[in-house]
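Shown next as structure tokens: one chain only, the form predicted alone.
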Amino acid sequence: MGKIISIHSFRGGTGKSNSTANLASLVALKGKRVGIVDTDIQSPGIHVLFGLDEKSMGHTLNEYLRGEVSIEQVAFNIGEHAGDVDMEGRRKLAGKALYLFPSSIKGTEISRILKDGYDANKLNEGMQDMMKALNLDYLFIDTHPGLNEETLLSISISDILILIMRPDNQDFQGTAVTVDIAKLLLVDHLYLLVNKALSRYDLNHLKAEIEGVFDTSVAAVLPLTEDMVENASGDIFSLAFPNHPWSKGMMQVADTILSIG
């Protein structure tokens, strides 16, 4: 049975979806069978990083949660279509076993979820079925920010939890709460990923400081970079620019995940 990896943050704007897409892509590039599920159903967006829109991505998680399709029907084979794109990073995924389970970006679908909610247990059952049906080595969950029933269930079934935070006082407080809960839920492997660190910071010193504050390993400290902003979620940055400091930090995190294997 493969491993479930939740990528979570207490607040929005940490780069959670970007990090999830890059980590999953780097692991798939190593020859692993990888799935990505977008459980941020209220504000989905990870599909954009793979060049998809509502028309091109087929069935969605929303349909599965309503019992209209099977979870296998939601799976979009990124590797099968990557050779047709003109983006350097995404093209490297051609032929790789990388599957996306997207959520709908339609306003009506999001409104329906906000109004009616959904069965979090059915979602988690679906994730277990994804693992078996596609024989996945790793399933990455792009969670909804904050703490609610859905994220707590995702965290509780995870083999690896990566909490993304910025070196910001609000993030420090919210991450502290999430770390405490993750430890209570006995997550096997818990890591912090510090993103958007200013260039004036000593990254090694910042890493040591944060590890001391949270008593939790920091998988990497990633620099704030205009290059990422310029990319504008148009490509998988770490694949398009593998020698960039941000990409090298992300590769460290991917290696940590693979070492747990």
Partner chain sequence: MMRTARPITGSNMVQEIYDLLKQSDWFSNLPDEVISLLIKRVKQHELKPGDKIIERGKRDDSVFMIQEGWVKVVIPEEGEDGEMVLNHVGPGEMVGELSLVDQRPRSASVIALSDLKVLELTRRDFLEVMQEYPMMGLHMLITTSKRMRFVLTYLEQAVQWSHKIAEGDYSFLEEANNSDLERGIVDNSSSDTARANRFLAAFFKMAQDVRKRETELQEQVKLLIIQIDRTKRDSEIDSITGSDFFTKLKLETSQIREERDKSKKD
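Numbering follows the first chain given and starts at 1. This structure is a prediction, so every number in the text was calculated from the model and none was measured. Superpose the two forms; the largest set of C-alphas matching within 1.5 Å is the rigid core.
Note that the form predicted in complex with its partner chain isn't included here; everything after this is about it.
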TL;DR on 178 to 186, 93 to 101, 135 to 143, 70 to 78: the one with heavy atoms within 4.5 Å of its partner chain in the predicted bound form is 178 to 186
Checked Glu209, Glu54, Glu63, Asp227 for heavy atoms within 4.5 Å of its partner chain in the predicted bound form; positive is Glu209
I have Asn18, Leu190 and Phe241 flagged as a candidate spot, so tell me whether each of them has a non-hydrogen atom within 4.5 Å of its partner chain in the predicted bound form.
no
Wondering, does Val213 line up within 4.5 Å of its partner chain in the predicted bound form on heavy atoms?
yes
So in the predicted bound form, does Asp159 come within 4.5 Å of its partner chain, heavy atom to heavy atom?
yes
Does any part of Glu149 reach within 4.5 Å of its partner chain in the predicted bound form? Heavy atoms only, please.
yes
Examine Ile4 and determine whether its closest non-hydrogen atom to its partner chain in the predicted bound form is within 4.5 angstroms.
yes
Heavy atom within 4.5 Å of its partner chain in the predicted bound form: which residues of 165 to 182 meet that condition, in order?
Pro167, Asp168, Asn169, Phe172, Gln173, Ala176, Val177, Asp180, Ile181
Would you say Gly174 moves between this form and the one not shown, meaning its CA shifts by 2 Å or more once the core is fitted?
no
Core-aligned CA displacement of Pro145 at least 2 Å between this form and the one not shown:
no
With the core lined up, does the C-alpha of Asp159 move 2 Å or more between this form and the one not shown?
no
